[in-house]
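What follows is one chain in structure tokens, specifically the form predicted alone.
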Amino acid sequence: MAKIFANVEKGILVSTLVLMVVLIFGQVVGRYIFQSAPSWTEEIARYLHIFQVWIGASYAVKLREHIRVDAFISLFQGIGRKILESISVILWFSLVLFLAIFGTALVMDTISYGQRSPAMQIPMWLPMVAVPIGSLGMAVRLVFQLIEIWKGNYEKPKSEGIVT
């Protein structure tokens, strides 16, 4: 199940990146060669980027690639390290749970207001749904990370072919 989840995330990230590049390239070509470009390409590229950020944040939790300062925690071993790592993950989990709850409330409010995007006239809840989806993805990943910590695994997982 976790592998399927990771593959879906990677698929979304790669496909949205490709689509963004094509849209922005078309926007640039249209603007500089034809002196006219559709406004919807810029808008959809912006919304795709929002999804990339939130889905990418979830995927980065899996790879343990989020920025952190671990000079202090590295001094500890055994149960002390597990407790400090667990506190860190629980605080982070609380934050993403907060984001998921209030992000969902924002989406529900946006649905009830019927707000639409300026160029494409799509419902604005569609781009905003990235916040609760990404937050829930991070929450799930953090639960798995907490389990790994209590197994004694503090290291980053294998890079899965990603060059860092």
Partner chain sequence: MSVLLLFGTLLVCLLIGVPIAISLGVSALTAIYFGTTLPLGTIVQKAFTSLDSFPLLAIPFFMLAGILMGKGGVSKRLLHLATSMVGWMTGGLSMVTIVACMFFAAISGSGPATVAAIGGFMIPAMIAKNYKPGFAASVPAAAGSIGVIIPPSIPFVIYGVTANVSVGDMFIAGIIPGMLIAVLLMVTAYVISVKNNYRPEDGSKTTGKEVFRALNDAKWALFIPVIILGGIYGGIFSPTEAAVVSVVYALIIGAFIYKELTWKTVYDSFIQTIIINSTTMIIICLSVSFAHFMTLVQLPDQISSYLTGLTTNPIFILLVINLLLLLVGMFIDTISAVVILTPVLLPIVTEFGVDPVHFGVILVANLAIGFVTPPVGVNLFVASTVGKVKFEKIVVGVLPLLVVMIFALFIITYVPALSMWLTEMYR
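Positions refer to the first chain, counted from 1. Keep in mind the model is a prediction, meaning the values are calculated, not measured.
One more form of this protein should be noted, the form predicted together with its partner chain, which is absent from this view; the next part is about it.
Across the proposed site, V143, I147 and K151 without exception lack any heavy atom within 4.5 Å of its partner chain in the model of the complex. Looking at L99, you'd find a heavy atom of it within 4.5 angstroms of its partner chain in the model of the complex. With a 4.5 Å cutoff on heavy atoms, L91 counts as touching its partner chain in the model of the complex.
When its partner chain is considered in the model of the complex, I87 lines it closely, a heavy atom lying within 4.5 Å. By the criterion of a heavy atom within 4.5 Å, G137 is excluded from the residues contacting its partner chain in the model of the complex. Using a 4.5 Å cut-off on any heavy atom, the residues of 44-61 that reach its partner chain in the model of the complex are, in sequence order, A45, R46, Y47, H49, I50, Q52, V53, W54, G56, A57, Y59, A60.
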